[in-house]
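What follows is a single chain, given as structure tokens, in the form predicted on its own.
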């Protein structure tokens, strides 16, 4: 639950109609999209003029989300997006803790004179906002958005669209309620969202059972040919080149979920997924129980996140990046 002064500060900022821009990180996932679109509609219901801008497009399997067609894609409409940001009274940063998570669009937000507000659950938030609501104990930014709406006494404004969006945010960032961040409060919240119109079966099917044939074949290819277990450790990884992604026609966002698969092996405690694109390597780290991959991401791969789910990057080759990762464990095994 948010502290009373936190809610008061935000309510004061929203006390009169404002021009607002809501932003999320590049390659938006279910939490980024669900929380941002829900917050956009909620603020609109409060009487504000609100636009949601994503740095790049969402994966195809999220186009079903309520209000998704209203999303402004920075990469496709840069001048229009810049004008909105520069003309805004408030810019919200949702589900990211650093402007670098938006690449070029982050520089646009930084240059804006708008009041900036962050609502996020990742470690080590940057200090650019005038208001920062950061809580790493929360399962998702979607959970935080619900709690803020509840604390503001505006729960009656949660309609079926907002309920569906917040349910999607929480579902995806808790691994279908399987991760350790899934508290009793999370279950209470999703119960309310279902009562307000979220359909668990429909959301589950849209998010997890709408693979293209190429995407499913790519997952199979990776598990058979690309998954490696580091000898004498409990560590696994998958590394794919840009050429392999192109051969299967894999778009941005369509590798989501693949990083979790090695953890299905009983004796594997941590894993990494390396993806080559545009002369850099994007890395997703996942782990079980007390294995802290956030430390690995932060100290060795220019990243960070949560204890059991973090991200990083490298500007070295795919081969050298994987070798660096292996050596972290081989030297200690």
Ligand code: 5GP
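Being a predicted model, the structure only gives us computed values, none of them experimental. Numbering follows the first chain given and starts at 1.
Missing here is the form predicted in complex with guanosine-5'-monophosphate (5GP); even so, the following discussion is about that form.
Contact with guanosine-5'-monophosphate (5GP) in the predicted complex, judged by any heavy atom within 4.5 Å, is made by just one of 280, 49, 56, 302: 302.
For the candidate set 215, 116, 122, 138, a heavy atom within 4.5 Å of guanosine-5'-monophosphate (5GP) in the predicted complex is found for exactly one residue, namely 122.
In the predicted complex, guanosine-5'-monophosphate (5GP) sits beyond 4.5 Å of every heavy atom of residue 322. Taking the partner from the other structure, guanosine-5'-monophosphate (5GP) in the predicted complex has a heavy atom within 4.5 Å of a heavy atom of residue 284. The shortest heavy atom separation between residue 306 and guanosine-5'-monophosphate (5GP) in the predicted complex is within 4.5 Å.
Residue 310 belongs to the set of residues with a heavy atom inside 4.5 Å of guanosine-5'-monophosphate (5GP) in the predicted complex. Shown alone, this chain has one stretch from 284-292, 63-71, 264-272, 37-45 that lies within 4.5 Å of guanosine-5'-monophosphate (5GP) in the predicted complex by heavy atoms: 284-292.
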